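Only one chain is included here, represented as C-alpha cells and corresponding to the form predicted alone.
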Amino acid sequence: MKPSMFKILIPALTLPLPAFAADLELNIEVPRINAAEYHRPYVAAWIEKADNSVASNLLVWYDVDMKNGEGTKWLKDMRQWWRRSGRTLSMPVDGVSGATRPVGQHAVAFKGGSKQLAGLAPGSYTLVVEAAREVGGREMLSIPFEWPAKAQKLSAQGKTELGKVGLVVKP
C-alpha cells in the first residue's frame, strides 16, 4: 500500500457513526395466571412503520420443540403479527425465533447494527408486542417511538396475557 493511501484511510476510520446507530432494549413481563390448564404464551414483537407495515420482526417465542414443527401451527393465533408478517416467514428465523418463556421478566437487547435494526430509516415507529395462549386469551400492546432518538424510556401495561412491556432506546 502506498503511503498516500494512509492519508486517505486514517481520517475515514475516525469518522463518527451515523446518528441512527442506536440500541434498543425490550423488557417483556409474562404474568402469572391462575388457570387449571396453563400453557406458556406465544409472543411476537415487531416494529411497525407509520403506515402499519412491518419494518422489522424482533422476536417470536413459540413451542420450537414440538415434533415435525407442529409448534408453528398456533402461530396464527397471534393474529395481528400473523396477518402483517408471520404468514410470509419460514420458521424458525435465525436470530428472531426462540422457545416460549416462563412467568417472569424477560430482557432482550438489540444493537444498532443488528439485522433487526439495521434497515430502520429515521422516522416514527411503533413497537408492537402480541401474546396468545392456548386455552387462554390474546393481548397486544403498542408503544410509539422515534428513530433515531435521543434517550427514550417507554412502557405499556398489559391486563391479561402480558404484564409490563418496557422499551429503552439508547442513542
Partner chain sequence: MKTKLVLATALAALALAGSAHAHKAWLQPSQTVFSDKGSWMTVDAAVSNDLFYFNHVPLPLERLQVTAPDGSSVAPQNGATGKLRSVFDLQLQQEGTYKIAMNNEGMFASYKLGGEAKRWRGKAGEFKGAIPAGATEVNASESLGRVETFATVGKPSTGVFKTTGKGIELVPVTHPNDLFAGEAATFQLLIDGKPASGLKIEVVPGATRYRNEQAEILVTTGADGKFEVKWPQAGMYWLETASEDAKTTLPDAKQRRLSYVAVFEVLPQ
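Positions refer to the first chain, counted from 1. The structure presented is a predicted model; accordingly, all values stated were derived computationally and were not measured.
If you look for the form predicted together with the partner chain, you will not find it shown, but the lines that follow are about it.
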{"property": "Proximity of R138 to the partner chain in the predicted complex, heavy atoms at 4.5 Å", "result": "yes"}
{"property": "Contact test in the predicted complex: G69 vs the partner chain, heavy atoms, 4.5 Å", "result": "yes"}
{"property": "4.5 angstroms heavy atom contact with the partner chain in the predicted complex for V96", "result": "no"}
{"property": "Exercise: Q80 in contact with the partner chain in the predicted complex, heavy atom 4.5 Å", "result": "yes"}
{"property": "Neighbours of the partner chain in the predicted complex among 87 to 122 [non-hydrogen atom within 4.5 angstroms]", "result": "R87, T88"}
